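Below you'll find only one chain, the form predicted on its own, shown as C-alpha cells.
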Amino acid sequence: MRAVWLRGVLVVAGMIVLLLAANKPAAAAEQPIAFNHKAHVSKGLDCAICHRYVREQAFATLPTIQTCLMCHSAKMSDNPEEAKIREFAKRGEPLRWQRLYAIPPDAAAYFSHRRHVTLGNIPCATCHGPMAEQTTPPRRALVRFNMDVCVACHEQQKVSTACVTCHR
C-alpha cells in the first residue's frame, strides 16, 4: 500500500516539474533570415510548402535552403533578406533556424502534427498563434503550452484525455 502511495506522489511531483518546465520562458531566438510570413501567406503559400510533412508525419520540418531556393534562386526583389538566401546557398551553408515550438524532452509526451492537422483538421493558428500575420520572425513562441492547454483542447474537441493518449 505504501509503495502505491509513494508511486502516486512521485507521478504528481513529476507532473508538477513538467508543468514548471513548460512554463519557463524560452530564450529569445535569432533567426538566420528575417522571414516575412505575412508576405508569403498573402501570395497564397500554404504552411506545408515550407514546413514539409506537417500533414503526413508526426513532425513538421523547418525550411531548408533548397526549399527557399525553389522561388528565390534568382532575384525577386531588393529585399536584403532575400539576398541572404542566395549567399547561404553560395557558401553551402544550411539555414540554422531556431525552433520556437517544442515539447520539452522531459515531458515524455508524444505529439503528432499529422494527427492534429490532417485527422483533427485543426488549423495551424490554433497552436502557433497568428504566425501568418508576422512580418518578422517572432523571437519566442506566440502560444505557450502546458498540459492544461492541451487537456482543455482535447476536451473541447471531444477526444481522449487519457494519459496514455499523449504520454508514452
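Numbering starts at 1 and runs along the sequence shown. Bear in mind the structure is a predicted one, so any value in this text is a computation, not a measurement.
The form predicted together with heme C exists for this protein as well; it is not shown, and the discussion that follows is about that form.
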| item | value |
| --- | --- |
| Residue contact check: Ala102 to heme C in the predicted bound form, 4.5 Å heavy atom | yes |
| Heme C contact in the predicted bound form: Asn79, any heavy atom under 4.5 Å | yes |
| Heavy atom of Gln98 within 4.5 Å of heme C in the predicted bound form | yes |
| Glu56, heavy atom within 4.5 angstroms of heme C in the predicted bound form | no |
| Contacts with heme C in the predicted bound form - residues in 85-122 whose heavy atoms fall within 4.5 Å | Ile85, Trp97, Gln98, Arg99, Leu100, Tyr101, Ala102, Ile103, Pro104, Asp106, Ala107, Ala109, Tyr110, Phe111, His113, Arg115, His116, Val117, Leu119, Gly120, Ile122 |
